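To begin, one chain is listed below as C-alpha cells, in the form predicted alone.
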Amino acid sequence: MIWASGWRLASAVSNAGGLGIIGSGSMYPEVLLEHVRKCKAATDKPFAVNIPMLYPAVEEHIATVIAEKVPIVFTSAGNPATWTAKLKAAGITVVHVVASAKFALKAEAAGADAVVAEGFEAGGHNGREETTTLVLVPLVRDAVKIPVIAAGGIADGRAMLAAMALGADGVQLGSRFVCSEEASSHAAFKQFVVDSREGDTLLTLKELAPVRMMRNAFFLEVQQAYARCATPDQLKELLGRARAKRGMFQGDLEQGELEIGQVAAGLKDILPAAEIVRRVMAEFAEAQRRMAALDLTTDAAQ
C-alpha cells in the first residue's frame, strides 16, 4: 500500500469500523511522523502502521511508532525477530506478514501477536513461493496458534467469508482500498485499475524482489529484458529509483511501476472508504445467509 495508504485512508477505515493501516514504506521518517499525528487527530479508534524491515531508515520508523504510541504495527519483508521484542516491550501489538507456514512459525516464535498470511494473488511485493491464498491460509492456520489474518485476492464479503472458512480470524484488504476516494494514489492510477481486466497483472522481478504489477510500457521493457537474459544487475538498473512513486503516486501510466493485486479485475468503482467497509460487511452477511440456506436445503434433501 505504498503511495496509497496515508493518514486520510487509515483514519477513514478506522472510523468506519475497520483497522486502518498507514503504509510507511514510501515515507521519509519526518513524513511518517506527520501522518501518524494527523491520523491520531482524525480518529479516536485504533490504527496501525506497516513497516517493511528492508526500509533503509527502519530504526527511525520504529522510534516514531514507539514515541507516538501507535497501538499496532504490521512488520513485513524481513526477520520478525529483529524488532518484535522491542515493539512489544513498548506495549505495541505486533503482526507480521508471511507468505509461507515456515515463516509464520518463525513469527510466532519471535513473539508476534498475529500473522498475515498473504497469498500469491496480492499486489506489490510478494512471496517467492507463489502459494495462493486458498492454499496458504489453511497451511498457516494449522501451523500456528496465534490469530491468522488472510490477505491476497480479497476485496468483498464473499472472499472474507471464504477466508474465514479456511481458518482465518480476519482479513486484510489492500487493492480494494487503493480504489478509494481517500487513497493518496493518483486518480489516473485508480482509474487504470478500475478499467483493468483479468490477466492484466503479473508477478515479475523475482531475482530482485517479487512484485505483482500491471501491464504497461515499463512492464513490456521488463519482459524484453528477460528475453535478452538480463542479469539481476541489469534488471535493477532498468527498475531504477522511484519507479513505483512515478506510477502510483504521480500517475505515469506508461513508465511507472503500477502495483496492484489480481483482484483488480473485479474492481469497478472508486468509493469512499466507509462505503467500502459497509459493502464488504453487507456482502459478508449475505454470503453467510446464502450458506445457511444451502445447509438447510442439504439437510432437507437428506
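All values derive from a computational prediction rather than experimental measurement. Just count from 1 along the sequence shown to find any residue number.
Another form, the form predicted in complex with a small molecule, is not on view; read the next lines as being about it.
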| property | result |
| --- | --- |
| The small molecule: the contacting residue among Thr84, Ser76, Ser196, Asn216 in the model of the complex [heavy atom, 4.5 Å] | Ser76 |
| Among the candidates Ala57, Ile270, Ala265, Leu238, the residue which, in the model of the complex, approaches the small molecule to within 4.5 Å (heavy atoms) | Ala57 |
| Ile62, heavy atom within 4.5 angstroms of the small molecule in the model of the complex | no |
| Contact flag, Ala42 vs the small molecule in the model of the complex, heavy atom cut 4.5 Å | no |
| Contact label in the model of the complex: Gly25 to the small molecule, heavy atom within 4.5 Å | yes |
| 4.5 Å heavy atom contact, Leu253 and the small molecule in the model of the complex | no |
| The small molecule in the model of the complex: contacting segment from 240 to 248, 34 to 42, 63 to 71, 270 to 278, heavy atom within 4.5 Å | 240 to 248 |
